[in-house]
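Given next, in structure tokens, is a single chain: the form predicted on its own.
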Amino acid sequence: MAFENLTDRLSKALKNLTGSGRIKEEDLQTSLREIRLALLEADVAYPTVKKFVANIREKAKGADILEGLNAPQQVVKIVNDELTALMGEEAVPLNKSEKIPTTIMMAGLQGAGKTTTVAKLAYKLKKEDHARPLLIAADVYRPAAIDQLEVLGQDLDVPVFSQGTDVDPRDIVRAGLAQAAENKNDYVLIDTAGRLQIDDALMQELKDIEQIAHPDEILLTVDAMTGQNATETAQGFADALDLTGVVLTKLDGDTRGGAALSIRDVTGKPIKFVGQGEKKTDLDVFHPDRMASRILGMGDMLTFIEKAQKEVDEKKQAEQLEKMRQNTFDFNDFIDQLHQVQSMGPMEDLIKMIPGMANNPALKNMQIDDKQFAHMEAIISSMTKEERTNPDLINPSRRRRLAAGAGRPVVEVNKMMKQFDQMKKMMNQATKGNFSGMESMMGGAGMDMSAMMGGNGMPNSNFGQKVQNFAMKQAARKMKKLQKKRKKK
């Protein structure tokens, strides 16, 4: 999970802030020292850490109760606000040309995932904006770079302009832009060459391509896992090119978070996208406020909802929502939900987007084997049509039959039936915006929310519960807004 180590350290850094009213100076100093160490251990640039801690100290000194939050909670709010500000306050959209094509030049060192990111961005533009992009293969140095882009383009049904490895990249870009104008492509994405490190020849070539293409965007692709090196790389490119933004790749493997927290502060360039995974859909708009919430273990329900929306067509979604409201959700719907969840990404990452789950000690090293989904599907496939639509029919003798048919133990069938009942109840509560009802049910299932946050180094259960409730209410409001938008459509 991205930022897992940082989340743990920041949670522990706040454990000294107890009680209510004003904060004791010694407790504040202890917490700030731990926050400083947590950020340095996360490979955040030292000047950024120094500024960050100074801002928190200034705002937290003698913090009074504000808007129903006691002093420790107020410090969490200050840390959350400062994290958001550090990463850029809000998402920054792509620049768009007044007339087609919008030209996007991609730069970066070798190994950062630049070519893959070009393809992912083209797919995103095609799917979400109904765009007709053209990819220009201008990396003539890295072995098989052009072949890689052509294969990716073919997979996405996106045209790729290439002229082989014996043509000057500047000439390739000129010819590619001419073809885009002729074919009226609305986006052009230029995959430029990289190096193992910044050198004069690379920068001169990139400067020449910038002069030829006059791009609306120059996006730098950097590997999040390289920490401060990513920040130094970004600064080097920013000194030579008129960068407009950064794409952080391999964020799913970055447990520290140094690059995400440093780049905006050091270079002044916004992080526009993050890559988390290998699939063509694994490129997301970077939202500083959501990332701050995730770093503090408060979840990210809005991203969770958006991921779900992308994987379900609206008609089917409306039908399932109605069935959940009426409490007629059956095993046909359950298997559809399993498929949708699998398409959204690793289950352990999705669960940690739910407020309160990221700090749950029981989930810390959780790994869900894909075989578990296959076993569930096998059990459901062993059901009759009537059993699927009317789960109440499934008595003990039928459960034994299902276990034999699926080749699984009876205890596994019983466990799945229990999970189905819990999911059915929780979904019914969620569709009504009753998150407190969801919370009580999850507590009844052995997943007490306050214990999740209080048991992982947070100050106390009351504190964890209030932060949890705050996050839940935020999620409920966002869901209501989404539902209103659908009704208007």
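Note that residue numbering follows the sequence shown and begins at 1. Nothing here was measured: the structure is a model prediction, and the numbers come from that model.
FYI, the form predicted in complex with a small molecule isn't displayed, but the following is about it.
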Check D333 for me: does it contact the small molecule in the model of the complex (non-hydrogen atoms, 4.5 angstroms)? no
Wondering, does K250 line up within 4.5 Å of the small molecule in the model of the complex on heavy atoms? yes
Is Q148 close to the small molecule in the model of the complex, meaning a heavy atom pair under 4.5 Å apart or at it? yes
Although the small molecule is absent from this view, report whether P133 comes within 4.5 Å of it in the model of the complex, heavy atoms only. no
Heavy atom contact within 4.5 Å of the small molecule in the model of the complex, the stretch among 258-266, 271-279, 86-94, 206-214: 271-279
Note: exactly one of P391, G111, G236, P409 sits with a heavy atom within 4.5 Å of the small molecule in the model of the complex, namely G111
Could you spot which one of Q74, T116, Q228, Q163 gets a heavy atom to within 4.5 Å of the small molecule in the model of the complex? T116
